[in-house]
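Coming up is one lone chain in structure tokens, specifically the form predicted alone.
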Amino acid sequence: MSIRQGLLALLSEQPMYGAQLRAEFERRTAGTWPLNVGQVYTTLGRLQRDGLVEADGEPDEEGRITYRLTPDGRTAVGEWFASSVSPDSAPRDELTIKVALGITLSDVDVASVVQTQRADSLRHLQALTRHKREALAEDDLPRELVLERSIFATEAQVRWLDHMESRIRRARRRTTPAAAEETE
């Protein structure tokens, strides 16, 4: 998720200061991608440097600076919403890296890694489903959609874990001495 683009999108609605942006971002994304306020202000500094946002007047009595989009910032938001997101834009997947490396190390019980992850993923799926019911009851469509995306991704992860466990079992059977003797 591009925090930069998310903040620009929020500022397209109205000027805001950093803590407001953080709160709105988390509210509108169902808290799926928590931000720390320092990250928000660092990003705002870069957006200001790049001419996409500017201070909206002087700091208030508490010293907070409100930011607004510049015309270039408004153009950037429009371009972002008009473009597609590459399926390859996801960050590195720690689970995939853990399993790929674990398979290559003799002292790692990959089956245990998979079982532990599956149990945790199923617990997570139950929690997401519970949160989705809450979003439905509150008629909170943005939160519901974010949660559905997470539900689909978690279901896919569980399917992948099942598939991977089967593949590892088959591969290990082919490489064990007993399996080699059986094929002769």
Partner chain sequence: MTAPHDPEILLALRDVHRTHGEGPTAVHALRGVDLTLRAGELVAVMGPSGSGKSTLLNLAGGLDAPTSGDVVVEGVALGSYSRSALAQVRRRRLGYVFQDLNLIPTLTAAENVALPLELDGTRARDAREDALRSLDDVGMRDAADRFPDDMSGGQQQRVAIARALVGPRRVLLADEPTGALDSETGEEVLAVLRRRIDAGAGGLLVTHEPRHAAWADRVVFLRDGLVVDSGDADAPSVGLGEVASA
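Positions refer to the first chain, counted from 1. Between two forms, the rigid core is the largest collection of C-alphas that superpose within 1.5 Å. Please read these numbers as outputs of a predicted model, since none were measured by experiment.
Only in words, not in the display: the form predicted in complex with the partner chain, which the text now covers.
Using a 4.5 Å cutoff between non-hydrogen atoms, residue 50 does not count as a contact of the partner chain in the predicted complex. Although the partner is absent here, residue 55 sits far enough away that none of its heavy atoms falls within 4.5 Å of the partner chain in the predicted complex. None of the heavy atoms of residue 26 is located within 4.5 Å of the partner chain in the predicted complex. Using a 4.5 angstroms threshold between heavy atoms, residue 69 stays clear of the partner chain in the predicted complex. The partner is absent here, but in the predicted complex a heavy atom of 119, alone among 141, 137, 37, 119, sits within 4.5 Å of the partner chain.
Contacts between 140-173 and the partner chain, taken as any heavy atom within 4.5 Å in the predicted complex, involve 143, 146, 147, 148, 150, 151, 152, 155, 158, 159, 162, 165, 169. Once you line up the core between this form and the one not shown, the Cα of residue 47 stays within less than 2 Å of where it was. Comparing the forms between this form and the one not shown, the C-alpha position of residue 125 differs by 2 angstroms or more, with the core used for superposition.
When two forms of a protein are overlaid on their rigid core, residues whose CA moves 2 Å or more are considered shifted, and residue 168 is one of them between this form and the one not shown.
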